[in-house]
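Just one chain follows, in the form predicted alone, and it is written as structure tokens.
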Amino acid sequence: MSSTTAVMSDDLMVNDFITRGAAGPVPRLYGDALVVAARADERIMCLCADLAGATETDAFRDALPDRFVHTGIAEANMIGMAGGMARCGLVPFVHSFSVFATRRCYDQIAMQVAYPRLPVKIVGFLPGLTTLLGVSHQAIDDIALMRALPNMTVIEPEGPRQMRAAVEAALAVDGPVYLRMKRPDAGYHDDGEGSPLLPGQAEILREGTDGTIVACGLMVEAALEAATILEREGASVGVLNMATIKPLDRGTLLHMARRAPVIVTAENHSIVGGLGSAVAETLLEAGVSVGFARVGLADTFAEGGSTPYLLKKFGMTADDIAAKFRAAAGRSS
């Protein structure tokens, strides 16, 4: 077998593992929603960097093949193509793993998408510590990179219940969007009931008088668990799903911060430049003083491993969030 054939076979095996998961197939919530949107809007195009199954774009490829472009493993070229399509009046959705959809082609995104404020929707899968494939595939700085770009909206749905709405949210933005997506785990049962996701609006999942945990993506579930742990100890802790990380819902955040003395952020990302940084900047600029702590990857690279193992090793579980809340509450008193 030639080396080229061997690499292609490895890519196919990785793609199949990610697509099916360790315990069988998972629903294509995002992929099916994109097909529905495209049937209603003929401007929508779908581009993919050789990861159709893993990004759920095989659904689009099979349903609307004339509007599907397989670019190969060439993210920079894919962004350039999308920019050209957008200038012709189309609305391209481009897909790869989060680390490749951002860091690998950052200059192209800046100059060919963000600067001219084109309606290109960049969709990255495998956010943060959600892959066995290790450092090369773990997107731990993508939020920081995309937050730094003028004109760029950054959205991370809380989980499967918001994946369909994420497509609608991206289309509602007149300009470029980065969607940070995690596919449902194997065995997830889709009950067909989604949840709204409005660009620029946070979702109050739980009210609290002692403090608030502000979370995004898969960390929302951990935040809710942490709030329950703290409730058993007598603390009233709110949870805010900050699905739009840029622009941040400043009004809701400041409302929660002013009525309770503690804010803890939780994100599946480096604590440098991500959600925690955005929240801290907002609070300080508004002159709101609270006990504050960040939960996330603490300025380090991770390693290959299951998501539960990595979250525990790097201090990102519900118990870790609760511990950070206790510490921040102690400092605020």
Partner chain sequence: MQNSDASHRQPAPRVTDAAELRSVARELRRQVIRLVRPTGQGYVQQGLGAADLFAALYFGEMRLDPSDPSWADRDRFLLSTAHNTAIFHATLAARGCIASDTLFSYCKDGSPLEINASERLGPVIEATCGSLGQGLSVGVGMALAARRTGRDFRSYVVLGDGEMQEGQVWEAAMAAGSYGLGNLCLIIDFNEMQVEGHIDQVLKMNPVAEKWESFGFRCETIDGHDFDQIFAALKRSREAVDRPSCIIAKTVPGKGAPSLEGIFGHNIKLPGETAERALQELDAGEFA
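Residue numbers count along the first chain shown, from 1. The model shown is predicted, which means the values in this text are computed figures rather than measured ones.
There is another form of the same protein, the form predicted together with its partner chain; it is not shown, and what comes next is about it.
The listed set Pro261, Gly80, Pro199, Gly208 contains one residue whose heavy atoms approach its partner chain in the predicted bound form to within 4.5 Å, identified as Gly80.
Note on the partner interface in the predicted bound form: the residue among Leu248, Leu132, Ala165, Leu90 having a heavy atom within 4.5 angstroms of its partner chain is Leu90. Stretch-level contact check against its partner chain in the predicted bound form with heavy atoms at 4.5 Å: of 171-179, 67-75, 138-146, 120-128, the positive one is 67-75. In the predicted bound form, no heavy atom of Ser195 sits within 4.5 Å of its partner chain.
When contacts are judged by a 4.5 Å heavy atom cut-off, Tyr115 counts as touching its partner chain in the predicted bound form. Of the heavy atoms in Asp62, none are within 4.5 Å of its partner chain in the predicted bound form. Of the heavy atoms in Leu254, none are within 4.5 Å of its partner chain in the predicted bound form. Contact here is defined as any heavy atom lying within 4.5 Å of its partner chain in the predicted bound form, and by that definition not a single one of Val26, Gly53 and Thr57 is a contact residue.
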